[in-house]
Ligand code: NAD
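Here we start with a single chain on its own, the form predicted on its own, put down as C-alpha cells.
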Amino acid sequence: MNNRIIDFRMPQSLVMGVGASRQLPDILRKRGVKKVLIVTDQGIVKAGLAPAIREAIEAAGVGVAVFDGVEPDPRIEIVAACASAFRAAGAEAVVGLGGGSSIDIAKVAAVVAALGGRADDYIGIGKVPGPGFLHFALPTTAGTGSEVTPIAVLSDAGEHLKKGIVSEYLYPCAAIVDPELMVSVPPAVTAYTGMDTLTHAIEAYTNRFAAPFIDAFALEAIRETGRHLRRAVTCGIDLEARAGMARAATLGGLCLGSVNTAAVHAMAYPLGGTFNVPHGLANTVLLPAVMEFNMPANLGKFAAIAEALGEETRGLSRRDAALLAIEAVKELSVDVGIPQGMRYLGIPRDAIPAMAEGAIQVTRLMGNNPRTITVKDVQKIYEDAY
C-alpha cells in the first residue's frame, strides 16, 4: 500500500504555541468578520476561558454572541439549537471553543445555518454539498484533534449510537492550538483525552490504509504522548507537558482525514451511545484488547509502537517487541488512572452481544481495521476487555 494515492488536507491555517489564542481577534478581522458566535459548554464558561476570549474579540471591534449549550458526546439535536442561536445573533462566523464536542457542534452548525436542513441529512461521507459559514477552532483539551479534521461525531440517542459526518467542508478556516487554554483541564479529563490521542495515532499507524507520509505524524504523536501524558495528568500547570500533548493531539488529528481510525473507535461508539462512557475512556479500555487482536497483521509496526513509547526492543523477536507495545499502553493507562476494564464502567456483561452488533455496523471504521474482523471477533474483544 506504500504507493497508494492519499488526499491530505488540513485547515487553511494552523497556529500553534503558548499564547497562540491571542491571535484570534486579528484572524477574525482579516477575514472581515463583524460578528461571531462562540460555541462552547458551561464548564468552559465557568472556567473563565469563554469570557476571556469574548473580551479579547470584542476589544478588537468584533461583535460576539455565546452558545454554551454543548454537552459531552453531544446529541444531534444540539446542532439545531446552535444553528438557531447563530441565526438569532446575526453572526457571520463560528468559533468552536472547547473539547471535541464543542468543535464538532460548531462545524456542523456552520453547515446547517448556511445550507439548511438538519444534521441528520449530512451523516455519512461526502454528504455536505458545499461550504458553510466560516468556522474557527480553539481546542481546550489535547485529545480529539477535531481542530484539524474533516469529521464531526454526534450521538443518536434513539439508536444509542454515535454517527459521523465526514466532509472536506468541515475543516476549520483556522485552528488555533494554545496550551495555555489546557492548563485547567482536570486530571481525569486530561487522561481520557490524552489516551484518545494515542488511540488515534496507533489506529492510523496500523491501519489497513496506512501511508508512510501519515505514519510520520502518527509515530510522533505516539512519542509525544509517551513523553508527556503522565506529566500533564499529574501536574496540569506544566506548560511543557501541555504543549507536548497539544502537539500530539494535533498530529493525531492530522492522521484522520487521510487514513482515520478503525475497530477501537467503532467499538467505543456503543459504550458512549448506550452507557454514556466518555469517548476517550471508552477507547482506552478497549485499546489493548484490539491491539492484541490486530498484532498478527503487522508485527513490525507494533514493535515500532513499543519503541516510540520508550520500550527497549533490541535483541527481541518482532513478536516479543510487538507484545511490549501492548504492555506499554496498559502501563500508561494505569499510570494516568484509567479503570482497567469495562466492568468498572457500569456496563453489564450481558450487553456485549448487542454492542457487538452495533459496532460491526460502523463499516466506515471497521473497514479500516488491519485484520478482517467479524461480529464474533468483536464479541470476543469486548469479553477480553471486560
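Start at 1 and count along the sequence shown; that's the residue number. It should be emphasised that the depicted structure is a prediction, and the values quoted were computed from it without experimental measurement.
Separately, the form predicted in complex with this ligand exists; it is not shown, and the next lines address it.
- In summary, the region of this chain contacting this ligand in the model of the complex, judged by heavy atoms within 4.5 Å and restricted to 298 to 306, 118 to 126, 204 to 212, 103 to 111, corresponds to 103 to 111.
- Listed residues Leu28, Ile338, Ile44, Ile347 were compared with this ligand in the model of the complex; Ile44 is the one with a heavy atom within 4.5 Å.
- Just one of Val233, Ala93, Ala174, Leu181 comes within 4.5 Å of this ligand in the model of the complex, counting any heavy atom, and that one is Leu181.
- For His279, a non-hydrogen atom is located within 4.5 Å of this ligand in the model of the complex, even though that partner is not displayed.
- Heavy atoms of Thr225 never reach within 4.5 Å of this ligand in the model of the complex, leaving it off the interface.
- For the chain shown alone, Gly310 is not a contact residue for this ligand in the model of the complex, no non-hydrogen atom being within 4.5 angstroms.
- Looking at Glu220, you'd find every heavy atom of it more than 4.5 angstroms from this ligand in the model of the complex.
- Shown without its partner, the chain has Pro72, Asp73, Pro74 in segment 67 to 98 as residues with a non-hydrogen atom within 4.5 angstroms of this ligand in the model of the complex.
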